[in-house]
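Just one chain follows, in the form predicted on its own, and it is written as structure tokens.
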């Protein structure tokens, strides 16, 4: 049974009861209780919705309490902060434009676009998912339409902007190769010959991005969420961009930077900056240099606040040997140990277990490679 059975009448009353009583891990008890009063099949649908709404708060905040989901639709949906950023960029460049969302899922991107004043149409192959998207626009009081159709055969001529979020899962597993997307990459590149925005995985190779298309890597609260490809009238004249939410800090240039010995501070660039290949922008921002030209760590003599990176004060350099590190942990009474690494083959969780931290002190251990040698630095986090 789809969400349509929960939109009004007894179904809406049931859904309200299910959401009011829902507790994670208590789904079976809730189903048993509600079946005493409501249709059994509808109860299962309602309790599933209550569970999905609970999980969806992380992506959609307060809106989740009024929205409708499918399990796959929620898994694949864009976090609202990221969707809003994209929608605002479209609206700033082409205010009031018409946008068609190919493969709109449960409508997360439609919501952001409609709120930005864009005229939205969603296209979704699966009727149940399309019903959820339609219900979400209605529940949030937003204009727009959702039609059941195939992305690859839909007529794009009437629309100013095409948005697409190709499926990146096959047989229930995440797909990392852009050539395995659905619709296929050839279809994506064809879309990018017009005014379009295409959401792709953050691991997209730089050389896969067509000429004249901007790739924007986006992080939210320090976590890299996606890359967005911008073309046509949405292309801003730069090849690569890193945007950090919620601050909105953005960088597009990678100036030359020297490398040299460790300074008083080590800066760890945000993941979006790293993915975009713009690490040297951090060096320019903090008047610093690279620890190694091939490693994404910046170092500097002074503490310079920047939204582009987290900063750590270097306390001492340590030998990268397990015995020496264990002695350091024991001597300083370190119980909370954060381990950062780049350019070295190690599992921080396994190393932490071997170092057996016990005590009341906390520290950060940065392990990296300079030239051919692995080095370790005892640090104190000061920002980020």
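Quick caveat, the model's predicted, so the values are computed rather than measured. Numbering follows the first chain given and starts at 1.
Same protein, other form: the form predicted together with a small molecule, not shown, and the subject of what follows.
Annotated contacts: 63, 138 and 144 are all free of the small molecule in the model of the complex [non-hydrogen atom within 4.5 angstroms]. None of 105 to 113, 204 to 212, 230 to 238, 260 to 268 except one has non-hydrogen atoms within 4.5 angstroms of the small molecule in the model of the complex; the exception is 105 to 113.
The listed set 87, 200, 151, 224 contains one residue whose heavy atoms approach the small molecule in the model of the complex to within 4.5 Å, identified as 151. Interface residue among 219, 129, 306, 195 relative to the small molecule in the model of the complex, by the heavy atom within 4.5 Å criterion: 129. Remark: residue 182 counts among the residues lining the small molecule in the model of the complex, judged by a heavy atom distance of 4.5 Å or less. In the model of the complex, the small molecule sits beyond 4.5 Å of every heavy atom of residue 119. With a 4.5 Å cutoff on heavy atoms, residue 178 does not count as touching the small molecule in the model of the complex; it lies far away. Shown alone here, residue 288 lies farther than 4.5 Å from the small molecule in the model of the complex, counting heavy atoms only.
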